[in-house]
Ligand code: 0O2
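First, one chain by itself in structure tokens, the form predicted alone.
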Amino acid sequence: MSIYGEYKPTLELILNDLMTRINQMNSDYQQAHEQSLFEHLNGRIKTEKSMEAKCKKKNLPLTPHSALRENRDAIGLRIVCNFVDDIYTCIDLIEQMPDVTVVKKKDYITNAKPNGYRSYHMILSKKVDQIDVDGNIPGEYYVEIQLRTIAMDTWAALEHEIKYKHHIKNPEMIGRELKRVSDELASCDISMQTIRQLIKEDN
């Protein structure tokens, strides 16, 4: 039996709805400003296997309540932007959605993790007409959104590939190098943002 129980179809409805609306948000912005807000948008429902592993790690029972209340990332979206400023514009527009409330934010762009990881995380509460795991109608479901630049996304993917799929003989040295590369990419993001601003000022 699915750890999401009878609520899995609702998760898919929410994911599809948000993907459609955020893509429309990008199209509207592009039409108004002649530039895209983001390069690409990815979404997923966390696999049952991954959710079960997360619950076990937290010593939680393998129930829909654990999956949908104790954990808040069953539905996940990742928005990858060209520029840092676009991330914060996306955040402002998402916060204006009428049926969405931001319940948690973590800015790992301004305050990078010690290993060099940079991203902006949001946990949203979304109201839907369907029943939720607590028996409420309208129901409340959580959605995690990560926002990154292309450079941040590339670094995170490579860091995962290097650290979690290979046996590392010298993890301290690799960790220092990954942090150095992260700092260099962050510097590039700032430089590209500055160049775009200079071009705007000249027009």
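In this text, all values refer to a predicted model and were calculated from it rather than measured experimentally. Throughout, we count residues from 1 along the sequence that is shown.
FYI, the form predicted together with the named molecule isn't displayed, but the following is about it.
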item: Candidate spot Tyr7, Lys49 and Thr63, all three touching the named molecule in the model of the complex (heavy atom, 4.5 Å); value: no
item: Segment that reaches the named molecule in the model of the complex - one of 132-140, 54-62, 168-176, 25-33, heavy atoms within 4.5 Å; value: 54-62
item: is_contact(Leu41, the named molecule) in the model of the complex, heavy atom dist at most 4.5 Å; value: no
item: Distance check, Ala156 to the named molecule in the model of the complex, heavy atom within 4.5 Å; value: yes
item: Close approach of Asp73 to the named molecule in the model of the complex, 4.5 Å, heavy atom; value: yes
item: 4.5 Å heavy atom contact, Lys163 to the named molecule in the model of the complex; value: yes
